[in-house]
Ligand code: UD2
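Only one chain is shown below, in structure tokens, and it's the form predicted on its own.
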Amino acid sequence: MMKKCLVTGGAGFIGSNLVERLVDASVQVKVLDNLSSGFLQNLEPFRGYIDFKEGDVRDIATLQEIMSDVEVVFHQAALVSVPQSIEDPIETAMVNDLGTLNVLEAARHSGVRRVVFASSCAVYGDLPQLPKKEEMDTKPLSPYAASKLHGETYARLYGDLYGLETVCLRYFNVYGPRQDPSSPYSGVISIFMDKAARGAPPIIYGDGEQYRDFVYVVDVVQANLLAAQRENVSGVVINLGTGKSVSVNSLWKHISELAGVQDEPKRANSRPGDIRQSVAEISRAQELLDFEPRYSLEEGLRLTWEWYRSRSY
């Protein structure tokens, strides 16, 4: 295990779960977050064990300062919403493209050993081939997806040109505790859980037969730790999913049964940039990282529901 690391976006959903696991492993953890979508309360249970700095990945001076003695950087900070990126592509590029470039540049000059970059399955777009394999063509359908693909390109270049070790993890649909449901841009599971807890019907866009590969956040955290430590993975892009998919309609059925509610969902038109079908081929993760998702959808949803049910409404 590394001795000291930095998690950008560490007050967010995936970032805070990663920080908690690193603290449990006795790693010295620095966290950088501008709190635009992250929350200090996500870090509260272990705040005394981390070095937190409120700051932005668009500020390279801040990045260079906080990386001064860091071995590994987990770059989680990003604007993560497809609809938001379509509404504001410039801001998306400033945070995701320039921010990632700043992280890599600061890491290069600070002697960081490896950067683990949170990419996305959105880079595949709606190409018909299933499951999605890393060697497939890419076809981003949104500025968000394009920004993640640009980040992968910069990561590869920093390895080729400067010798900086990088690993790009293409997250599929991550869910679990601490995922913020308050924004219309949130992940579908967090929104469905919130609606179920409130006894309100959710909105399903399109016919609800969109298929997604939902992966529990604890499995994603474990993959990040493996990506930070494994040999012979530098410069590699790796899918992170379960290799299984479920429709949005079936997802609401699972959640409504967990919650004991019988509300029929409201229907709305499909949204621009939404992908019809997505499921990961995870053999590369299995081979290179020895990664196996441990949580079934049923178990992950149960644990997530327990967390949402414990919140005050």
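When you see a residue number, it is the position in the sequence shown, counting from 1. Take the two forms, find the largest set of C-alpha atoms that superpose within 1.5 Å, and that set is the rigid core. This structure is a prediction, so every number in the text was calculated from the model and none was measured.
We do not show the form predicted together with the ligand, though everything after this point is about it.
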| item | value |
| --- | --- |
| Partner-facing stretch of 223 to 231, 156 to 164, 97 to 105, 206 to 214, counted where any non-hydrogen atom is within 4.5 angstroms of the ligand in the predicted complex | 206 to 214 |
| Contact test in the predicted complex: V27 vs the ligand, heavy atoms, 4.5 Å | no |
| Contact test in the predicted complex: S120 vs the ligand, heavy atoms, 4.5 Å | yes |
| F192, heavy atom within 4.5 angstroms of the ligand in the predicted complex | yes |
| The ligand contact at V116 in the predicted complex, heavy atom, 4.5 Å | no |
| Triple contact flag V82, S186 and V248 to the ligand in the predicted complex, non-hydrogen atom at 4.5 angstroms | yes |
| Contact assignment for the ligand in the predicted complex, among E65, E257, D51, D274, heavy atom within 4.5 Å | D274 |
| In the predicted complex, the one of T138, T242, T92, N173 near the ligand [non-hydrogen atom within 4.5 angstroms] | N173 |
| Rigid core fit then N269 CA moved by 2 Å or more between the shown form and the other one | yes |
